[in-house]
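Shown here is one chain on its own, the form predicted alone, set out as structure tokens.
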Amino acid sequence: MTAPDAPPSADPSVLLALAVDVAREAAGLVARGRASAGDSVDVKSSPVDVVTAVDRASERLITDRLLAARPDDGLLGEEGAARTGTSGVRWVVDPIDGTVNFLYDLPAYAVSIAAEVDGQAVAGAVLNVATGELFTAATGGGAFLSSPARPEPQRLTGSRPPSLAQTLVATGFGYREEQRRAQGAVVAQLLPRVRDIRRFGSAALDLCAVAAGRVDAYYELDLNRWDHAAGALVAAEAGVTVTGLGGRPFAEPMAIAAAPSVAAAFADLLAELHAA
């Protein structure tokens, strides 16, 4: 992912600093709302696709802060925020990526904020609310992880598994019953070919996990822009191969992020299994 030529107002480092500040504030709101997470829950595309009042409050906070700082920018949010800007910059926001984890108090739910210039992500922040881990990237500047225990940012470089058989794979599943059935059939065939499978429940954190070398590869179908805009940039800046299926663009419709040592073989295997 190479940054387009950007005007000074769209400098990736400036956009990243704002994304981090706003993500931290939103994470505070989400953390305070955890105890009452189940008090107001609605469903969207299916009974298992949920949204909480805290999701909506987090998106309102993020939208208000970003547009107060940069009123000419556009914005796209998971919970309905949408604005066409005039600056060439658009913010892509997931106020809580991993809402089901948030409901169940599983420690993998994140605020994800990316800045795009002319449709291409140039800065991204993914903050795991439960752990305080912050993943960041700006185009051309690398990817980094900081945490309450290690506040000094550590550069991320992914992993280098020697073969598919030694590749730890993360994935996620859609919300519709028929989609899950098909995805489960693929996983059943994939499992004997790799080290093991992990399912964390947050696409943004899955992508950051590949960047951090916590898993070696990740794939998922039918992600939305807000699911992956920040996390895919973190992965790419860590040196991870970020691609689609059969040479198609990332997340159109499959998102693949894999260590370079196995990326081609992993994509070929996914193509084989999905063709079947």
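In this text, residue numbers run from 1 along the sequence as written. All figures in this text were calculated on a predicted structure; none of them were measured in a lab.
There is another form of this protein, the form predicted in complex with a small molecule, and it is not shown here; the text below is about that form.
Between 96-104, 115-123, 149-157, 135-143, the stretch whose residues reach within 4.5 angstroms of the small molecule in the model of the complex through a non-hydrogen atom is 96-104. Out of the listed residues 66, 236, 30, 223, 223 is the one that sits within 4.5 Å of the small molecule in the model of the complex by at least one heavy atom. Contact check for residue 169: every heavy atom lies farther than 4.5 Å from the small molecule in the model of the complex. Although the partner is absent here, residue 227 sits close enough that one of its heavy atoms falls within 4.5 Å of the small molecule in the model of the complex. Mapping the unseen interface onto this chain, residue 181 falls outside it, with no heavy atom inside 4.5 Å of the small molecule in the model of the complex. The small molecule is not shown here, and in the model of the complex it never comes within 4.5 Å of any heavy atom of residue 88.
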